[in-house]
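Presented below, as structure tokens, is a lone chain in the form predicted on its own.
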């Protein structure tokens, strides 16, 4: 499905729409409608259940979205959180330099000066994507953070957080005290981040306000090579730098143990790559052949990262692989900077009195991007019907309840819908139009089950107090006793859980 087709369907079904749409919309901002908001919550809850559930020492917190200037100064964002742009001198349109140059420099422009970017553009006769002019200039990069006046005097400065990670670093001392004084210690945040993107594009992929799910794992660097059982034989789709330099784009499947033994990666890092891959496969149901871990070279990765693999998925709507998450080894950069900025010692005592400044392994996941990915990979047109093959536990609505004939069966069906809702299921009651049209509506919304109340439900006889349960993907139907309905549906809607570390 093409990007514009998927967006049109999302708009029509109330998954999302542009912010301030009646005023023409606001670039880089989207609102989620009923289906989108429900699906987004499901994704966030599934991510939390999986990744925070990896260890009894991993926790989720909910911190403030405003950060004092001292924090972003210490973190390096005030100085380094810039994005080079290219401006067309003919039509005066600004573009991200990385976007304009992606055909001639696919590795990106991180680390390049303004002069180097301009030289690449001019040497390759790069044209403006909008008007085709070669009259391009490269102004000085600008900081992408949103600054706000803070306090009543207006002299203090604060910033909307550009990433959720900083909150976890700031929370580490408190989390050490309220936790079990043990490493690894995980601190997760799911929430909004804000970036003043030069040219927001590709719907949910370049936003000015977006939702991140991030887990910062603080660990003792002496234990970076802890065993990776029981996953040593799991094969991961990996595209390493060496293969990319030979022109390869497809990943090779490498055993987790081999990535450690001969691939030079720490076991603790590979273990979490495995968990990321399992989440993509077992929870989001992304096809195996669509996933790859894309290794960033030293020049490409963020300056604070020592190891970086982007978790990418091939999306038809954008014609190639897109980054939907990543695994970063950030070393001790963050705690060192915040210790220096705050004047506080952030080292902890472990074992028999050994002082450790923990290193950080970061798992980052784009909630909005993955919502789009679930549409791209699971929405299909089949036999003139559109079906959203969402994993049942992610579906915004778990079950549709329908009276076959509204006048005859409506009261019973409404009571049944209320009973299912009280049992914790998300229910949509629908009595409008033919039963076939009602099935089509829930198929398109991703609802995995439809329950129909008919004459057999109400009449005396062998069918009494049974309903027809229709399964979305197979369209198979079965008579199920009403008393067994909650148990059957709840079992099918149960979220997979990972084994703990």
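Residue numbers count along the first chain shown, from 1. Every value quoted in this text rests on a predicted model; they were computed, and no experiment measured them.
One more form of this protein exists, namely the form predicted in complex with a further copy of the same chain; it is left out here, but the text below deals with it.
Asks: Report whether the minimum heavy atom distance between residue 170 and a further copy of the same chain in the predicted bound form is within 4.5 Å.
Replies: Yes, residue 170 lies within 4.5 Å of a further copy of the same chain in the predicted bound form.
Asks: Using a 4.5 angstroms cut-off on non-hydrogen atoms, would residue 40 count as touching a further copy of the same chain in the predicted bound form?
Replies: Because a heavy atom of residue 40 falls inside 4.5 Å of a further copy of the same chain in the predicted bound form, the answer is yes.
Asks: Is residue 476 near a further copy of the same chain? Define near as a heavy atom within 4.5 Å, in the predicted bound form.
Replies: No, residue 476 is distant from the partner.
Asks: Taking the shortest heavy atom distance, is residue 74 within 4.5 Å of a further copy of the same chain in the predicted bound form?
Replies: Yes.
Asks: Tell me the stretch among 288-296, 419-427, 301-309, 320-328 that has any heavy atom within 4.5 angstroms of a further copy of the same chain in the predicted bound form.
Replies: In the other structure, the partner sits against 419-427.
Asks: Exactly one of 132, 351, 151, 230 has a non-hydrogen atom within 4.5 Å of a further copy of the same chain in the predicted bound form; which residue is it?
Replies: By the 4.5 Å criterion, the partner-contacting residue is 151.
Asks: Taking 219, 250 and 257 as a possible spot, do all three reach a further copy of the same chain in the predicted bound form with a heavy atom inside 4.5 Å?
Replies: No, none of 219, 250 and 257 comes within 4.5 Å of a further copy of the same chain in the predicted bound form.
Asks: Going through 59-75 from first to last, which residues have a non-hydrogen atom within 4.5 Å of a further copy of the same chain in the predicted bound form?
Replies: 59, 60, 61, 62, 63, 64, 65, 66, 68, 70, 71, 74, in sequence order.
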